[in-house]
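Here's a solo chain for you in structure tokens, the form predicted alone.
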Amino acid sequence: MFLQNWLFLLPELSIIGGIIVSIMLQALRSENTPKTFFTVSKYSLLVALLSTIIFYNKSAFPALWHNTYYTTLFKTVLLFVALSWFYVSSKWFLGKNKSSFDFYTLAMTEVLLLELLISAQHLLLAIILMIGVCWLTGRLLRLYQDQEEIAELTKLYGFFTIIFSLLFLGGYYILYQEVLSGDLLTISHYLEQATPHRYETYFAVGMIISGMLFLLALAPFHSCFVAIVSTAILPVSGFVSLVPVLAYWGFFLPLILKTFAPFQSLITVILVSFSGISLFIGAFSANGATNLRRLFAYSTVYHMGFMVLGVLSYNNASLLAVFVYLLVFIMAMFGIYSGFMGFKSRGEYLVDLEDIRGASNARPYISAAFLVFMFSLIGMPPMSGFLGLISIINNLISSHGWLMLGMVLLSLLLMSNAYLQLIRKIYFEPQNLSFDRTDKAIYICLLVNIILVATTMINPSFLFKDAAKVLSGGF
């Protein structure tokens, strides 16, 4: 049994092993290249990915971490996205000729915590993991940045992290005083039977949900996320936008659909309020953004608000709708951030809208890929984004959420206008900068990404059939 448990921990152990090997190489070997630490992380995450699939329903310590079809689905996607982004990021470090040790070591540690979070069965453990992820994100933010320039943002992010950590811990403390356990299943059973609920319990649930909304970058808690994505180096910006969101949603969905199910009336009020604010702040702010990454950071705020609306029916259909939208969002945003790697002039990666004027003349393939991904994000048929959009809209119609449906359609028009402004810059304005040669690997990544988008567009049976089975019986 002891050896068997260690075998079931192979996904986590492989990541830990990769971190240890990276530290040893940094300490003992003086001839490391930017590609060295990517190679270590690549094999580490590959082993983790394969062993996660093989031991999909095996758990070494089920009281703390429990693996199911549901957790395996989210962890597999998380590891695949992390591995893919690590590959794209290696091109940035090679181009800049900078050491990649800090990035890959911190990012792999964050992936480890996020993978554990998806399977976490104890609320305090989950809170500690999320606080650890926030701390690591703060460390990633400071990589290769002018300390004076980044100091204010680091302090702001640290302040908000402390505030929401206190919310998490305060909510847990109140719940523990009543339930006398932090086990999620025990909390769920207790809350189902203990009626009427105390006002303190409502307060505790609200505190924990608010902490999760901060991590999901919903407005008005979005400012730190937008600042990080806009300011950090491109590998960090892409990692923060693509990877943690998968784990947060993987933990958030069972938390509100099962653990806090008796409080869904309270949760509905919170989610409707914050999703509505996120839709309009994200869409309005994206229209006023002049920085490429800031535009798509606000786009993320908008799409997170959209996904939150999909949860409100609290059934298997809403669960599937959110997952489909999340998967399409990740594919499109991965393509967008990969495209950022191809917009480069005189050794610098371009960040302003004015810098990419007329990019279609110099980079026609990357510009065409941007069109595909932005149309997918808008949800324009027959793009794969339409699958997620129509799933959530159908969910709102079936639950008679007419007011929210009107808000969704209005904000969608605003968000579409922001994307159209970007398209106008790329295709219909004169080029004002010369572009550096783009690494062939970027084109390969974009091609693979477009193939994945096209596959889900042509044959969406996996998203609507197989995924439905996994999600409905997952927890």
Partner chain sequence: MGLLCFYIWNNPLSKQISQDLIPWLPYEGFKANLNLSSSAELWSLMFILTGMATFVLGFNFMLHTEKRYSPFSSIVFMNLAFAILLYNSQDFLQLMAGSFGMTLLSFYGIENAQIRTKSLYYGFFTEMCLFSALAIVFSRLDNINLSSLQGFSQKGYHRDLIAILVLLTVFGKAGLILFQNKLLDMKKLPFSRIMNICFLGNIIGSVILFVKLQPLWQASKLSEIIIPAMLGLSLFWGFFGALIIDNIKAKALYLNLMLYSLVFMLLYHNGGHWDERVFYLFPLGMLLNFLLAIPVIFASNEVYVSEMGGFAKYMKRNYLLTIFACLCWMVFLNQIRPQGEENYIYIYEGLVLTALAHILYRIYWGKENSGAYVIALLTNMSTPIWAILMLGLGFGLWQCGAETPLLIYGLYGLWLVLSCLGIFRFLEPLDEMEIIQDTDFFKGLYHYVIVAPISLLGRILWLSIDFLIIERSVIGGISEMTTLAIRGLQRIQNTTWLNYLFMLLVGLAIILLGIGNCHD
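Because the structure is predicted, anything quoted here is derived from the model rather than measured. Residue numbers count along the first chain shown, from 1.
The same protein also exists as the form predicted together with the partner chain; that form is not shown, yet it is the one meant from here on.
**Student:** In terms of non-hydrogen atoms within 4.5 angstroms, which of the given stretches 328-336, 81-89, 102-110, 272-280 touches the partner chain in the predicted complex?
**Tutor:** Careful reading of the contacts points to 272-280.
**Student:** Phe221, Cys224 and Leu414 - do all three of these have some heavy atom no more than 4.5 Å from the partner chain in the predicted complex?
**Tutor:** Yes, all three are in contact.
**Student:** Just one of Ile163, Ala261, Ala194, Leu185 has a heavy atom within 4.5 Å of the partner chain in the predicted complex. Which one?
**Tutor:** Looking at Ile163, Ala261, Ala194, Leu185 one by one, just Ile163 meets the 4.5 Å heavy-atom criterion.
**Student:** From the list Phe159, Tyr176, Tyr144, Tyr314, which entry has a heavy atom within 4.5 Å of the partner chain in the predicted complex?
**Tutor:** Exactly one residue meets the criterion: Phe159.
**Student:** Quick one: is Gly206 in contact with the partner chain in the predicted complex, heavy atoms, 4.5 Å cut-off?
**Tutor:** Looking in the predicted complex, residue contacts with the partner chain include Gly206, since a heavy atom lies within 4.5 Å.
**Student:** Any chance Asn97 has a heavy atom within 4.5 Å of the partner chain in the predicted complex?
**Tutor:** It does not: once the partner chain is placed as it appears in the predicted complex, Asn97 has no heavy atom within 4.5 Å of it.
**Student:** Does the partner chain come within 4.5 Å of any heavy atom of Arg198 in the predicted complex?
**Tutor:** Flag for Arg198 set to yes.
**Student:** Quick check on Ser285: any heavy atom within 4.5 Å of the partner chain in the predicted complex?
**Tutor:** Ser285: yes, in contact with the partner chain in the predicted complex.
**Student:** Does anything in 234-265 come within 4.5 Å of the partner chain in the predicted complex by heavy atoms, and if so which residues, in order?
**Tutor:** The one in contact is Ser265.
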